[in-house]
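A single chain comes next, written as structure tokens; it is the form predicted on its own.
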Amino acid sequence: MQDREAKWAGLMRAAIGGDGAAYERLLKAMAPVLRSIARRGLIRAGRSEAEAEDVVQETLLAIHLKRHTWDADRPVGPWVHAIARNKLIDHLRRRGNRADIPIEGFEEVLSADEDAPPVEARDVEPYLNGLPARQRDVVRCIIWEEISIRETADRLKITEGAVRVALHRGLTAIAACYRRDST
């Protein structure tokens, strides 16, 4: 650890002094450590390790842009770790609070109830007609016509986010009405 700190500090001083080769060696030496930090943070957040490279690139760019702020009398490792942590947090905030869970193998766990009668469009139509116009149009486009969120947004001249919200609210309302009437 101390060897790495000394090596990084020496390379950073040389890089700030204008040594391009030292700067390249520094970034190559930092990348695996940053990748490890990003992977651990993403896993803790319930996210895919596949996003790690984005965090590493954002961190390396931040180091490049902020290298003049490093105090050469202080260790470089904690400075780099702080930047990596902040970039990881920024990345998680931008991507929203969602977890990536692989779905392979869930077909048996989540199999449909064979005894339950299928829900037909005609069974849902009365509930659909009770929805506000936007929710009704969104549900029809996505569920009945099977068009994408983007196509639905274009057709209805609303944002993709508004489509997602209307779809969620519409399906939630239909499910609540259906459950209420089924009991």
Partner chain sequence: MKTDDLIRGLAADNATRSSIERWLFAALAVGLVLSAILFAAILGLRADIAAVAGEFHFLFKFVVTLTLAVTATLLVLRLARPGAEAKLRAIALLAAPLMLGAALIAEFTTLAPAMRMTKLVGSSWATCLASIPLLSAPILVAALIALHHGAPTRPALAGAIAGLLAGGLGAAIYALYCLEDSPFFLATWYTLAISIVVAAGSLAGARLLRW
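Here the rigid core means the biggest group of C-alpha atoms that line up within 1.5 Å when the two forms are laid on top of each other. Residue numbers count along the first chain shown, from 1. Predicted, not measured: the structure shown is a model, and the values here were computed from it.
A second form of this protein, the form predicted together with its partner chain, is not displayed here; the remarks below concern that form.
For the chain shown alone, L171 is a contact residue for its partner chain in the model of the complex, at least one non-hydrogen atom being within 4.5 angstroms. Among residues of the shown chain, E53 is one whose heavy atoms approach its partner chain to within 4.5 Å in the model of the complex.
Not displayed here, its partner chain is approached by L65 to within 4.5 Å at the level of heavy atoms in the model of the complex.
At the 4.5 Å threshold, heavy atoms of L42 stay clear of its partner chain in the model of the complex, well away from it.
Exactly one listed residue, out of V124, A153, I37, L131, brings a non-hydrogen atom to within 4.5 Å of its partner chain in the model of the complex: V124. Interface residues of 70-84, taken as those with a heavy atom within 4.5 Å of its partner chain in the model of the complex (partner not displayed): W70, D71, R74, P78, W79, A82, I83, in sequence order. A movement of the C-alpha atom of E24 falling short of 2 angstroms is seen between the shown form and the other one when the two forms are aligned on their rigid core. Relative to the superposed core, R164 undergoes a C-alpha shift of no less than 2 Å between the shown form and the other one. Taking the rigid core as fixed, one finds a CA shift for A175 of 2 Å or more between the shown form and the other one.
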